[in-house]
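The form predicted on its own is given below as one chain in structure tokens.
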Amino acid sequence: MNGLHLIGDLNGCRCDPRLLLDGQDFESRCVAMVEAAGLTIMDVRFHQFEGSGFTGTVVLAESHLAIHTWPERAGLTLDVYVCNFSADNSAKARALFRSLIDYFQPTELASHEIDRGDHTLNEPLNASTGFYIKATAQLAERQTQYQKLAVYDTPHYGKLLRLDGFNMTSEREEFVYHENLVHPALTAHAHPKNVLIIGGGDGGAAEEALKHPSIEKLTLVEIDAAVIDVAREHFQAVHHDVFDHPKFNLVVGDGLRYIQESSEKFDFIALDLNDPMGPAEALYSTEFFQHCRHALAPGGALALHIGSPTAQPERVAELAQRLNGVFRIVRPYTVYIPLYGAQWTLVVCSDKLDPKSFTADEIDRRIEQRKISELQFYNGETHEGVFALPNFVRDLVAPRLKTTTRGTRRLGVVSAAGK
């Protein structure tokens, strides 16, 4: 239902303190304000708390007004909502809201306007920061065995996929994440043949990987078949029908179990996963990284994301240390990902392959030799650029010293700080 929701927290009110105490007196004044704003009253209910403030509600033909006062704090909360289905009542709601604020004269005001007609998709980065995206319609929603899945249509990003309330991919900017997850390692590899992607049910990472002509087989292991179904229905612009590619092999199952039981060796493994929470947490463990290392062919590489260095520095540092304890070469790199709303850290890990050692010219020559086209982000200069780390990121991902029975050693031979 289209509508406008106004919410206010008023503190340090300079009005006569009795106005916050006497609900009976305010009831008549409130009715007058509502009528002056041009809204239609259906019912009025006020409750006076003994020796304290009051709670009041006004049922409107357009929806409602609610108020609760805290005299001891010289404050109150306001809640005004009007639906705009048959007419736009937004101006009336704002006029009423303003009248109430003027009446109580707060020194501090925290207010929010929420357009209930549009979907506001909040994307938390941590407990205190985040951002939002406006969506015009919800196209699908279901609770699968593993997660809550939702698809929205947005003016800025086109169709957008969310899992458990977090942005995963979108039609118009998916290339930023997928190209940077896949191409720095695969382009640095001389002749990749066998690729494994764990997660990545939208198909975007697989589609990018199969642009490398030497690849003979790509296996994608996705635990949730519903993600594949939704990708086929809504995100052709992301996967470009990769699910029907002759080199593509789909396994619906647990990635942890798959890599533990597989005897194959892979030239490239990409972990295209949710954040390390809930069921995905095990796929960021030291034990799982060791399984990935064992599954790599000589010269092979693992790539994954490890979070935002600005919003989740502790997570980035912890995962970098785990990887440094498993692989000889650990190369973190950063890129701003619009759909995630932050600078993001990705990592290439290997015992032999060092993508940072390649120059822009070498990368561009390989792109040309392999006839890789339709790249919207990745090229030789961006390859060099993403590995150029700010000092604060270097500090986060630098290998730490670990005390052993023989003394002190550095975890990780090669790190972001240098070869």
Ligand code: SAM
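Start at 1 with the first residue shown and count on from there. Worth saying up front: this structure is predicted, and the values here are computed from it rather than measured.
As for the form predicted in complex with the named molecule, it is not shown, yet the points below apply to it.
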Task: Sole residue of Ala317, Leu273, Ala311, Ile259 within 4.5 Å of the named molecule in the predicted complex, by heavy atom - done: Leu273
Task: Proximity to the named molecule in the predicted complex, single hit among Phe266, Phe104, Tyr177, Phe327 (heavy atom within 4.5 Å) - done: Tyr177
- [ ] Among 74 to 82, 165 to 173, 209 to 217, 327 to 335, mark the stretch whose residues have heavy atoms within 4.5 Å of the named molecule in the predicted complex.
- [x] 165 to 173
TODO: Check whether His234 has any heavy atom within 4.5 Å of a heavy atom of the named molecule in the predicted complex, and answer yes or no.
DONE: no
Open item on the list: Considering non-hydrogen atoms and a 4.5 Å limit, does the named molecule approach Ile198 in the predicted complex?
Closed with: yes
Task: Close approach of Leu96 to the named molecule in the predicted complex, 4.5 Å, heavy atom - done: no
Open item on the list: Would you classify Gln147 as touching the named molecule in the predicted complex, given a 4.5 Å non-hydrogen atom cut-off?
Closed with: yes
- [ ] Within 4.5 Å of the named molecule in the predicted complex, which residues of 203 to 224 have a heavy atom? Give them in sequence order, or say none.
- [x] Val221, Glu222, Ile223, Asp224
